[in-house]
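As structure tokens, one chain now follows by itself in the form predicted alone.
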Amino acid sequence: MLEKTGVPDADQIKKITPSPGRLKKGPVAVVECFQSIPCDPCRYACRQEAIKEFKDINDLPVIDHDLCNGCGSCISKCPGLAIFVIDDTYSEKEGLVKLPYEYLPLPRPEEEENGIDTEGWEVCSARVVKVQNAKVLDRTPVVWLTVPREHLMKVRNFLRKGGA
């Protein structure tokens, strides 16, 4: 499916999804990079060395989810906006998704938005928890969204409600 539509299929997503046991331990990065291109800034952004050294700069990133602490320092360093942090332990009913967001205006905490999937389809309501926009993020803000836990591996962006 990726080759035809640019959207990964369920099998591709399953291969990069942390194990259920790892998800129960707290925040963890998910690298949804599926195309071999010369790129490796994520490797150098990871202070935990959870993103393994590339044998070739065209290799796909490989992450050791057990080494990842979910800090998110890799999110804004990915030029392809392909790295997310998910936290299945956020609350009993909600999970947390930290995602790169390069649109203006930036949302504000507590705003309710429409969580969308990789195809742009609305999946669920999402609430903005935090917006990180520090200089160290290379001008790529990171938005923290709460979503129903069953949509944690689906929501990868959001549409602003009211078009603003």
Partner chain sequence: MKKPEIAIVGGGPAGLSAALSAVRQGAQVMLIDRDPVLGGQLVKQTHMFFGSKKQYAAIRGIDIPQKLLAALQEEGNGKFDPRVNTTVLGCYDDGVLLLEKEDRAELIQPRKIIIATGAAEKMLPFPGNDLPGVYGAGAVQTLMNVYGIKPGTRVLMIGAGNIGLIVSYQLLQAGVEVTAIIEGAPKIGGYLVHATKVRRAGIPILTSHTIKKAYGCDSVEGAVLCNLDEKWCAVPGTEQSLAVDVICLAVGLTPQTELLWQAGCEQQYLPELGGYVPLRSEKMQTSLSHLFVAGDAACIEEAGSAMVEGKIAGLFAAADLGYAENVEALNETFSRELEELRSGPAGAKIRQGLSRLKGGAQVC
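Values in this document were obtained by computation on a predicted structure and should not be read as measured data. Positions refer to the first chain, counted from 1.
Omitted from view is the form predicted together with the partner chain, to which the following refers.
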Inset, instruction - Considering only heavy atoms, tell me if residue 128 and the partner chain come within 4.5 Å of each other in the model of the complex. - result: no
Legend entry - Non-hydrogen atom contact residue 71 with the partner chain in the model of the complex at 4.5 angstroms: no
Inset, instruction - State yes or no: in the model of the complex, is some non-hydrogen atom of residue 156 no more than 4.5 angstroms from a non-hydrogen atom of the partner chain? - result: yes
Legend entry - is_contact(residue 111, the partner chain) in the model of the complex, heavy atom dist at most 4.5 Å: no
Inset, instruction - Can you tell me which bits of 32-64 touch the partner chain in the model of the complex, meaning any heavy atom within 4.5 Å? - result: 32, 33, 35, 36, 37, 38, 39, 40, 41, 44, 56, 57, 58
